[in-house]
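Heads up, the chain below is alone and in the form predicted on its own; it's given as structure tokens.
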């Protein structure tokens, strides 16, 4: 006992504390009392910040599903899903309140307007990291973005719409007019999505025109239904929409009054068989899982933006659904398949408009 006592007496007080704690916990501990290899140091917490609501928004639903799948397969990863609502004026202060606790290693979102909001939040919380899909933003060391080539997706969906509106299909009329209903206007929509849709249609027939309308929000299905009804009366027989939950009004009206709809980003054939004539797919779930793995492994290059599309495997078209093959004639599907293959191979020339 005297020998043991003499050893402790000769050591500095901090070392004595560390040795004592080592005896209790059986693992290295700093003199300040914090374990060097404790749970917090190896855990990874993700806030999935939904700028709107999950329901009726495929990109958000897929983002949340991807994050939850990743957490389910990684025991040290936790995910919190937060629906911010539709009042954009509240988003920055709301997000600041969420990250102020220091709870989250990463904020994950998907919205073209979100990078600027995160940049504002980052000024107050410079250690917070943000990753945003469906957006482009560079030069901020706390933010990394991934931009889907939505011009490209709109191009091939527009081509399909052009084939349909000039076809003898039952709901097609002699007018060469297609329609687009948007929830709100923003740079990506105005410069990539809507122009790509019309450009693709005109690759099928240069005489096609576009009727474009705006709901004003992401949830008013009645307003979208009224717009669709007016557009059908004006000769539109094929629609696209980026309108969130409001798009349900378009689908209902198209089914009742006789028109077709092509969808961006997700499989909606079963929502209205024979009315939904084509569905693009955005591999948001796949991209989110890959992003989170890179973030967990410290491989994210913050301050950069990456654009992904058909060639990279993050945008596609659902061509094998029976509700597509049974309602769209074979000759149209053949022409579309050939066009889509050329897009994937880089054989369709186009210039991506600047944002």
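Numbering follows the first chain given and starts at 1. All values derive from a computational prediction rather than experimental measurement.
Not on display, but discussed next: the form predicted in complex with a small molecule.
query = For residue 203, is any heavy atom within 4.5 Å of the small molecule in the predicted complex, or not?
reply = Residue 203 lies outside the contact set for the small molecule.
Contact label in the predicted complex: residue 82 to the small molecule, heavy atom within 4.5 Å = It does not: once the small molecule is placed as it appears in the predicted complex, residue 82 has no heavy atom within 4.5 Å of it.
inquiry  = Please determine whether residue 309 contacts the small molecule in the predicted complex, using a 4.5 Å cut-off between heavy atoms.
reply    = Residue 309: no, not in contact with the small molecule in the predicted complex.
ask   = Is there a heavy atom of residue 257 lying 4.5 Å or less from a heavy atom of the small molecule in the predicted complex?
value = Residue 257 lies outside the contact set for the small molecule.
query = Tell me, which of 212, 125, 269, 86 has a heavy atom within 4.5 angstroms of the small molecule in the predicted complex?
reply = Answer to the contact question: 86.
task = Counting non-hydrogen atoms within 4.5 angstroms of the small molecule in the predicted complex, say which of 119, 172, 221, 188 makes the cut.
result = Of the listed residues, the single hit is 188.
key: Candidate stretches 69-77, 111-119, 269-277, 222-230 - the one whose heavy atoms come within 4.5 Å of the small molecule in the predicted complex   = Among the candidates, contact is made by 111-119.
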